[in-house]
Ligand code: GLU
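Let's start with one chain on its own, the form predicted on its own, as structure tokens.
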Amino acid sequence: MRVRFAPSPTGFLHIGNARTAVINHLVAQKENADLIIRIEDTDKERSTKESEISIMEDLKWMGIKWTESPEMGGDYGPYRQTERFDIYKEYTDKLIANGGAFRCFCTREDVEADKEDAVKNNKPFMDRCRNLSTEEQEKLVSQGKEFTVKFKVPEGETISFNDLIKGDISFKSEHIGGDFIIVRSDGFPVYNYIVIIDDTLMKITHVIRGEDHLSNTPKQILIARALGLPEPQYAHMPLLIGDDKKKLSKRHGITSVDLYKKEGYLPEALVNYLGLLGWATESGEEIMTQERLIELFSISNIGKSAAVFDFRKLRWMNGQYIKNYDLKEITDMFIPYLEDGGFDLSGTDRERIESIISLVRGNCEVLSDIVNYMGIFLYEINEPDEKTESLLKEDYSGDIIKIASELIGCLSESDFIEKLIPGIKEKTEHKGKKLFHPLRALFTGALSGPELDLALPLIGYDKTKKRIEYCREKYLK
């Protein structure tokens, strides 16, 4: 069994393509199959080396494992399409020779006029060069006439195949839209033509991809048959959609793996989520190791309906991974985000940083969330935001601030943790939210965060005292 992931290097790795890579990876790992990475870079205007490098780095970051690729090599290379043009030309010459393809010398205007005429006369469109003899084609070529190469779609043929996800599928050749270009006038072959040649020569047995390629499949099968090539087994996965049931796009949220990485998602969480899209385990398991995911995964489990990409669910899942990660390792992951967020950690020992992260990581769904909580412990005064300040201006908050100011002066560093909050509770008539919200805002400068009883020892006596005095001077009239 051999599967492949074949991205086009025209931008960042889209989350839909990342899902295709993950599914191929899971299949390869489960079936002990080869996974081949092939770069489909025939879009010369948009393909860049930078995009190829970025895509490969993202695949490595996600932990995708492959056995053959452009950088790794293999027995069936080259693995970039632009390095395989001599191979494609051999097959093009063979198709022209056996009548499966022809050179078309029509201009775009000729084609449009012929299509209009076909519609007007209620007859099928037929390319005017379709029946030129090989000799006539060669003569026009020798005269320097520009041409494309078109595949001659057989008339009245049914193209049927069994899709591992969608079941039995049939297309009528007349619905393909007529003869189609396989080599452009600049000599560049097109995707639908060369992909089946690559799949054959690379001995791909199973093509697992998105259903947006489903309409390409009959064209590729016809080309395979015209060349006498074997046809791989196909599996077309339903597309990803947003919660509005429309195709996933930037308007829904982050759509490239690169941005997930920068935001602070963990590769294990992203692979876990992408691997589960479109199906569910019988046990209801959601958070699982990759080994467990491989064990439970099967192509036959994937449903036929579009899968909703739930950004909130992914954030939650990522938070679960953060919560359960080894403390030293997750601290190493958090530190770059803290440094990028402007925190100078040079004067803070590692043990203190780990203690803080141990307390607040349960509040972080992505690694970048850490910057929202570290100021609680490292700043002398963690400046309240607008909502926190609004709460601190309430009369009941003023009562809490006044009592805290009176108490802190009577307490020492050794007993303030034990006596400060109980003392405030004892001296105020406020209860519930009118007690605990002002306390949190007073001590942390925020309305949400870790448990106050656990946070206060890490904030420390000096910072607590300064914050109480700061609020007394700013909010008490």
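Numbers follow the displayed sequence, beginning with 1. Predicted model, so just to flag it, every value in this text is computed and none were measured.
What follows is about the form predicted in complex with the named molecule, which we do not show.
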The single option of Y191, F147, F85, W279 touching the named molecule in the predicted complex, heavy atom within 4.5 Å: Y191
Interface residue in the predicted complex among H206, R209, R103, K219, criterion: non-hydrogen atom within 4.5 angstroms of the named molecule: R209
State yes or no: in the predicted complex, is some non-hydrogen atom of A6 no more than 4.5 angstroms from a non-hydrogen atom of the named molecule? yes
Looking in the predicted complex, any heavy atom of E40 within 4.5 Å of the named molecule? yes
I'd like to know whether V195 contacts the named molecule in the predicted complex, with contact meaning heavy atoms within 4.5 angstroms. yes
Could you tell me if K313 has a non-hydrogen atom within 4.5 Å of the named molecule in the predicted complex? no
Since the chain is shown here on its own, which stretch among 395-403, 118-126, 288-296, 209-217 would lie within 4.5 Å of the named molecule in the predicted complex, judged by heavy atoms? 209-217
